[in-house]
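One chain follows as structure tokens, the form predicted on its own.
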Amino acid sequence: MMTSAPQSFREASARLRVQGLLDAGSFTEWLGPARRITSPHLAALDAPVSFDDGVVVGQGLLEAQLVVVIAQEGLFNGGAVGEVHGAKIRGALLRAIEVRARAVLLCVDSGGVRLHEANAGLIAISEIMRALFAAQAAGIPVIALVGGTCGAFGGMGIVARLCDALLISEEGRLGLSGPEVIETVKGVEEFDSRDRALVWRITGGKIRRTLGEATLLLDDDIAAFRAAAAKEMMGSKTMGDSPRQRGLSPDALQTLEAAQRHLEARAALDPGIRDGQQVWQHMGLGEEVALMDPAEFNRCLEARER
């Protein structure tokens, strides 16, 4: 029996990712390109616009379960968030509550907020966070998928970490400030953004999985993301169960305080660690970790965690 060749998640467009993640023919797009809802700020600056403003939103089926899907297009303005772009993401998260979706799949591919729309973009990020919390409070898990060309940085890097699960490929990246931003502000001596190996050792999927900031490391394959997302969705609470306690309840506060203590203890182990290779050496994983495929790498970390 022949199996289809892997389809790169990193190289695919937002729409191809959506098609590959969902059951065939099940996707219904909201506010698609035919509606021509574009950013008024970009038009005012005579900058190129996109008829979907760089984000695809809608609903479909994943393993016959209703899901809402949001996919940023990293090839348009680096997936950066502006007023319309952010409003579409916020609206899709709130719509998930209305349609009683089983989960939200959030394909993050963004460098952060658009400089063209700085204030509007920052406000949009805060509204996305509020909508994400509302969905979670309604018992709807939000699953972040990170493996695009832009990674998940800036405000969308924070949003990704607020999700119930974060699935990332080795080619994916996650952080607050991007390498180019750090280099511009602090100098090339602090972070050489042209050193691609260094960039991935610090922000790449393998080190983020090592540090517990990603749930699972995946192959750069849309089918692998689909399978992992379906597993996370099926393992989460359903709408009929008690909603998750995401507010500042005593239990949630204790969890946050425990996480903070863990981070402080980790930082105190060796303040001089500045590179993923040093982290793996400190953990006793050795140089072979760089050659492990995602499945082997996950097994290695899971064995240590047990």
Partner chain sequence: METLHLELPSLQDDTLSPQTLLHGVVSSGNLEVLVEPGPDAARCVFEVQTAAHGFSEVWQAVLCDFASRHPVGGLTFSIHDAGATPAVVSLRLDQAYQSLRTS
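Numbering follows the first chain given and starts at 1. Please read all numbers here as calculations on a predicted model, not as lab measurements.
Below: the form predicted together with its partner chain, not depicted.
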Decide yes or no: are 83, 95 and 159 jointly within 4.5 Å of its partner chain in the predicted bound form, with each residue judged by its heavy atoms?
no
Which one, 216-224, 123-131, 74-82, 160-168, holds residues whose non-hydrogen atoms are within 4.5 Å of its partner chain in the predicted bound form?
74-82
Answer for residue 15 alone: is it within 4.5 Å of its partner chain in the predicted bound form, judged on heavy atom distances?
yes
Can you tell me if residue 47 lies within 4.5 angstroms of its partner chain in the predicted bound form, counting non-hydrogen atoms only?
yes
Given that the partner is absent here, does residue 30 sit within 4.5 Å of its partner chain in the predicted bound form, heavy atoms only?
no
Please determine whether residue 265 contacts its partner chain in the predicted bound form, using a 4.5 Å cut-off between heavy atoms.
no
Of these, 258, 34, 269, 64, which has a heavy atom no more than 4.5 Å from its partner chain in the predicted bound form?
34
